[in-house]
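Let's start with one chain on its own, the form predicted alone, as structure tokens.
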């Protein structure tokens, strides 16, 4: 990275940790929710943007991670173990979901992952003995790590930022490694990638599994943040919002999920001053951005440079 980019990144990190000084409790809650969606978006960006696989099931993995975290937190399991369990379970299920991608592509794969999301939603809603059904799991406590409580929203926000930055560093390392080049080759031309010795089966499965693990970690943060885990939070609409987040920010661009989460999570909150019109304004803004910047907001510098 160039010196000015490193300086801007450092300033952004410092700004994230100083944010609690200027926000009230609800503002900190929304900011922590932004961190949760950025983490899930990073995983989806790996699957969709870097590996070129279509997925409409990311909300299901967010839900699996959240329900796992809720059940374990109510049982008194330490938070680090909860995060590890949520990520591991989603990794295994994501690995299994990757197998349809070996047989079908494009809109067929989209329908397969959409079906998976609907199946998980029905399990969340109907298996009351495990998930609480439509009432969900309530009273999920916020974590206490090594005697340091994160019960206050501002403290939990800082925990969310710390987890997000660690996962972002791991993702950056992965994308700079030979794995990142293999994912790019899989996205650009799978046949050519296989002809030069890249195991496309392995990397396709890993794209789904790692992306799902990131959503599992996001779910482990979502459950104690909200305190109530119920099926409506993990519907098909949530998966579509996550995909929109990646595309609006810039699919296949590292900071795309962070920018996209600002649009999908924070922009509707800012537009609430428009009362009943805020959803219409939000939808129109998304349409205009997609027409004018089909490559996402992070493609704006390239577009201006070409002009």
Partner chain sequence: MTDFLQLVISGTATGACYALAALGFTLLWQASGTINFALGEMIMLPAFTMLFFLGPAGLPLWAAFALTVVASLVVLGAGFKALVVDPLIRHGVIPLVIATLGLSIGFKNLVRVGYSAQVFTFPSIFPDELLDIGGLRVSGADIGTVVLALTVAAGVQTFLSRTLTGRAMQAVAQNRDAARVLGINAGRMVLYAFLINAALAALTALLVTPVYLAKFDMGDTLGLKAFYAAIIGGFNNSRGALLGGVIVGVLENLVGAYISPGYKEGVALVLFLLVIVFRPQGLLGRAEERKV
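Computed from a predicted model, the values in this text were never measured in an experiment. Positions refer to the first chain, counted from 1. By rigid core we mean the largest C-alpha set that fits within 1.5 Å across both forms.
The following text describes the form predicted together with its partner chain, which does not appear among the structures shown.
Engineer: Is it true that 10, 85 and 196 each have at least one non-hydrogen atom within 4.5 Å of its partner chain in the model of the complex?
Structural biologist: No: none of 10, 85 and 196 comes within 4.5 Å of its partner chain in the model of the complex.
Engineer: Taking the shortest heavy atom distance, is residue 100 within 4.5 Å of its partner chain in the model of the complex?
Structural biologist: Yes, residue 100 lies within 4.5 Å of its partner chain in the model of the complex.
Engineer: Quick one: is residue 169 in contact with its partner chain in the model of the complex, heavy atoms, 4.5 Å cut-off?
Structural biologist: Answer no; every heavy atom of residue 169 is more than 4.5 Å from its partner chain in the model of the complex.
Engineer: For residue 247, is any heavy atom within 4.5 Å of its partner chain in the model of the complex, or not?
Structural biologist: Contact check for residue 247: yes, within 4.5 Å of its partner chain in the model of the complex.
Engineer: Using the partner position in the model of the complex, report whether residue 283 sits within 4.5 Å of its partner chain, counting heavy atoms only.
Structural biologist: So residue 283 counts as contacting its partner chain.
Engineer: I need to confirm a contact call. Of 75, 81, 146, 191, which residue comes within 4.5 Å of its partner chain in the model of the complex, counting heavy atoms only?
Structural biologist: The residue from 75, 81, 146, 191 that makes the contact is 191.
Engineer: Just to confirm, with a 4.5 Å cut-off on non-hydrogen atoms, which of 115, 173, 133, 141 contacts its partner chain in the model of the complex?
Structural biologist: Filtering the options by heavy-atom distance leaves 115.
Engineer: Of the listed stretches (60-68, 238-246, 22-30, 35-43), which one has a non-hydrogen atom within 4.5 Å of its partner chain in the model of the complex?
Structural biologist: In short, 238-246.
Engineer: Counting only non-hydrogen atoms and a 4.5 Å cut-off, give the residues of 119-138 close to its partner chain in the model of the complex.
Structural biologist: Residues within 4.5 Å: 119, 122, 123, 125, 126, 127.
Engineer: Does residue 291 count as moved between this form and the one not shown, where moved means a C-alpha shift of 2 angstroms or more after fitting the rigid core?
Structural biologist: Shift of 2 Å or more: yes.
Engineer: Based on a C-alpha change of 3 angstroms or more, tell me if residue 22 and residue 285 lie closer or farther in the model of the complex than in the shown form.
Structural biologist: Their C-alpha distance grows by at least 3 Å in the model of the complex.
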